[in-house]
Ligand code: DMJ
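A single chain comes next, written as structure tokens; it is the form predicted alone.
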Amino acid sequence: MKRILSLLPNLRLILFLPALLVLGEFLSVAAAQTTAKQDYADKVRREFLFAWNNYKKYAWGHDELKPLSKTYFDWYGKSLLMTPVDAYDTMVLMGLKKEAQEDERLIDDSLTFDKDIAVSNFEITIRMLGGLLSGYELNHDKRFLELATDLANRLLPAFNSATGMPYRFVNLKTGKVSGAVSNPAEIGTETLELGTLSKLTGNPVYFEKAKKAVVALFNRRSTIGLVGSAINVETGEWVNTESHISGGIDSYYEYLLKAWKLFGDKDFKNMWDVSVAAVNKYLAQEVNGELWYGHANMDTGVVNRTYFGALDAFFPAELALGGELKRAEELENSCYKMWLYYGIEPEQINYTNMSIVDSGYVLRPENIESNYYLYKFTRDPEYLCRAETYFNTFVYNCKVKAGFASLESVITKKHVDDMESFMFAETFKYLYLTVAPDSVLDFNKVIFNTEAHPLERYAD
């Protein structure tokens, strides 16, 4: 008996040796994956810096770099520091302290909205207001919050329509508005930014105006729950009844879901539930075993265009965030196919035969964004492999001597002298965050606005 007992330690080792070998193999694989992710993150950071340093060299203090001519472009003839504001929070998350501090000084010292220019309420909200608010939550620089508040006050006259839905354009100095015919995206994509400002300042007026506009639009949906492509904000009448999830409608749906997630407002949850049910019922199509979303008449739900594109690729992320993970994965597979089919995604395809409707590529992030969400929700390493593919093909096709250039056509790969600020805010951010340690940014504690500016969640 004593002999048997004396053998027990060795017997335990023998019995558990297979488990130890498996554990060792697991730890080895995990370590290798961690190293690979770090290498990939470093590559993304280097390419971001390459683009940023060229912006500094050729376009410092201006809205955007033109990477082919090595000159700059200001949206309204006067700089609003579009690229510096859009890029700031990405630098912070990447740990680029020197660049972030330099950028912060530029914004603190040079940015002003006291300009006699008529701006796009939508674009300025998602890029500038969103960037300043996210930056403030990261750096607690009071100047950022002051700038955000000043900007929002200058944008508020846009909401002075008979319906409460905002005009498309507003003059930052005079408050004069224009653009009565708008679309759901431009009307409904302000709640995250204005709501966050209300939370930070204690002034409810910002959120109230944004929510009123969304409710007014939602209440004008068709009897089957869909919205159209264009509506008059003065009369409330639909001007275009084509429904889809693409540009012009996309972020309306996005913000219904995210306003509920960010603020815990159940009115937005109810609007999202009604809307996504209608979208899934009438716009979703299965073609050759693949899930796509097309275009339909908002009143009948009859699909009349089998078009899907780069902007539609945001939807897998929303489906995942909304709890429809299986559907999200199916649609993301289609999005990935669209990216690979021509070596990089075109602006729009006909998904019945994968033919191109619009061949351009303007450095869009939505496909990469949805891949990031799917990885966060599933932790499936397949999405890491796809992220690397997105990154490699993006760099291969779009990198030029002085930055990254849009493509006139994904067929010819001819470059266009344009480098949108959202490349810094979104494309590089989502590429990086897919592989960055969770400690860089807690995915469960933020909601990204449609320009990928992370905002701290107020909902429980």
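Here the structure is a predicted model, which is why all the values come from computation and not from measurement. Position 1 is the first residue in the sequence shown; the rest follow in order.
Form predicted together with the ligand: not shown, discussed below.
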Query raised in the report: Exactly one stretch in 279 to 287, 103 to 111, 382 to 390, 124 to 132 has heavy atoms within 4.5 Å of the ligand in the predicted complex; which is it?
Result: 124 to 132
Requested in this report: Tell me, out of Ile356, Leu156, Val303, Leu311, which residue has a non-hydrogen atom within 4.5 angstroms of the ligand in the predicted complex.
Outcome: Leu311
Query raised in the report: If you check Pro365, Gly195, Pro346, Pro184 against the ligand in the predicted complex, which one has a heavy atom within 4.5 Å?
Result: Pro365
Query raised in the report: Can you check whether Phe422 is within 4.5 Å of the ligand in the predicted complex, heavy atom basis?
Result: yes
Report task. Report whether the minimum heavy atom distance between Ser370 and the ligand in the predicted complex is within 4.5 Å. Result -> no
**Report entry** Proximity of Ser251 to the ligand in the predicted complex, heavy atoms at 4.5 Å
**Finding:** yes
Query - Interface residues of 420 to 450 toward the ligand, as seen in the predicted complex [heavy atoms, 4.5 Å] - result: Phe422, Glu426, Thr450
